[in-house]
Each structure stands twice: as C-alpha cells, then as structure tokens.
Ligand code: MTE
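In the block that follows, a single chain appears as structure tokens, in the form predicted on its own.
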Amino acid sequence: MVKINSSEITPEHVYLSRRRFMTGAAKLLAGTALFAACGRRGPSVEAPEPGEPGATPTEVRTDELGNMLTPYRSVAGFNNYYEFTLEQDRVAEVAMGFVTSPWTVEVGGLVDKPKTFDLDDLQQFDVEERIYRMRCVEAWSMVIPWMGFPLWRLLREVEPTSQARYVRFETVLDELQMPGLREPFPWPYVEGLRLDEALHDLTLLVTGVYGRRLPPQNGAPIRLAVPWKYGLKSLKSIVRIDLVADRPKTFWETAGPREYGFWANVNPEVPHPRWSQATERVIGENRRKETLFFNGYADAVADLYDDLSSEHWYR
C-alpha cells in the first residue's frame, strides 16, 4: 500500500455560501485520490483480518505512521455505546440482533434541498477504506480500517445555505432495543461540528469496518469518524443531520459541563480534569504510547483553528 503523509492532503474548510460550498466540494472530489495514506478501497463484506482463516499470513497492515491495526476482535468487542450498556466489554452481547433495516437518515435545517436518505440511497456514494487512529477521551486508542465516504459528499446533495455554520448530528433512540436508555443521561446523543470541520475530507461517514458491514456495537448502520478529535465526537447510528446557524449543545456538554466542551480536539498537553492525556493505552497491545497533537493529523487540520494557543479548542 502506497503511503502518503497527511501533510500532503490539502484541506478545504472555508465555505461561506452555497456557491463557495459547491466549488470547494468539487475541489475536494479532485483531491480524494490523495488519501492512499488513509487506506485503500476494500471488499464490501466479510474480509478476513490478518491471522484469520483466508487472510494472507504475511500481510501486516499499518496506518501511515507505522501503527499496526487493532485486531478486529478488539474493535468489535470493546466499545463505548451507552444506549446499550455502560459495560464496554458487554456492548456486543447486548447489541446482538439490533435491527438496522429499514433505516433512514434525515438531513435538513439550513439547506435548499432537504432529503431523507435510506440505506439504498446511501449506496450512491462510493465507499473507500481509510485507516484512522481513534483516540478515546478515556486515554485508550485503536487503529481502525473504516469503510465509508466523506461527509461532504452527502452534504453537497442537500446544498447548505449561506446561513449554515454548524452541523448537528443525532443518534437513534430505540427503547425497545436499547436498554441503556434507562440510564439518567440527556438522551438523545447529540453531537456537532463546525461546518468547516464537517466539510474536511478527513471527516468520514462510516458504513463498515475491516471489510465487514458495520456491526451494531460499532454504530451500525452508519456512524461518524472524526480522527483528530476524541472518539466521543464520532457518534454512532445516525438518524438525523441538521445544518444550523448556532453551535449545538452536545450530549457530553450537557451531561458533564465541567469536564467536556464542544471541540474535543486531541491535545496531550491539556489534561482531562480527572486524568492526564499525555499518553494512551493501545487496545490489543500490552503497551502505552505518547499521544500526538491532533492525534497525529495536525498537518491536515491545524489551519482550521486560528488561535492554537487557546485552550478552548481542546475542551
């Protein structure tokens, strides 16, 4: 696999009107081929990981920094998904059998062409594989081969207006299938991105992992992956996306306002109020490693933030 440094990828992040949005999206389309660093196009379902029957024994896959992929059994077996359970090693068990078809994602708000996408509609977007590092705010990390497509491709279909400045995301509420909803949290799970963050080519709508369809515990049938931010920003099982003028109040801002802010950009120099963010536990490996600024994606995303000395970008 050809490796290209993230510094070679040109971000497009200033969209002040619909016309500029359409022009910028076209430029991003032309630059998508640069993402060989993040992965490669993969099979649609059930591709074996190294070490599983059918895999090439000598194949060792890494991200562009040389980090080995987290084993599939860990990616699918160690999850934060509070709608099912607070126990990370039981999410897969509790979520087993979660029905994800039929499914729709309603996209609206400050757009000229609101639309509801079902799973068949989503097939119009070409799926590619991207190997992303995922850093949890709890100071553990994984390296995951996601399959999906950049969010900007979907947003282009609905044509955001010039008043749109943020994107609000909402996760499904299904009390019959999600026993964790009995927990006293501010449901539904809501997250948000500034529009330029949402339109960045690294921001991925995920439909699969390790060449398989996305399992319920990982956010089936469609979730977000924003690799330079803590994992709490990459919400699962999306049912609604709205373009809005004002910054949305997120789930964790509401649940823990003293500990969590809107931005959640990875920064080893800004500790969580209850633990350090300087290092991380590598899931699937018996080691810790130093955490990288912006999770190692600084070359691609740092220019989204004008004042990098301001601590608020990281809370």
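In case it trips you up, residue 1 is the first one in the sequence shown, and so on. Every value quoted in this text rests on a predicted model; they were computed, and no experiment measured them.
Just so it is clear, the following notes concern the form predicted together with the ligand, a form of the same protein that is not shown.
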key: Partner-proximal stretch of 114 to 122, 154 to 162, 196 to 204, 228 to 236 relative to the ligand in the predicted bound form, 4.5 angstroms, heavy atom   = 228 to 236
inquiry  = Test of understanding: in the predicted bound form, would N80 fall inside 4.5 Å of the ligand by heavy atoms?
reply    = yes
query = Can any non-hydrogen atom of A92 be found within 4.5 angstroms of the ligand in the predicted bound form?
reply = no
inquiry  = Can you work out whether C136 and the ligand are in contact in the predicted bound form, taking contact to mean some heavy atom pair no more than 4.5 Å apart?
reply    = yes
ask   = Looking in the predicted bound form, any heavy atom of R212 within 4.5 Å of the ligand?
value = no
ask   = Thinking of W263, N267 and H312 as the candidate spot, does the ligand come within 4.5 Å of a heavy atom on all of them in the predicted bound form?
value = no
query = Of 178 to 194, which residues get within 4.5 Å of the ligand in the predicted bound form if you count heavy atoms?
reply = Y189
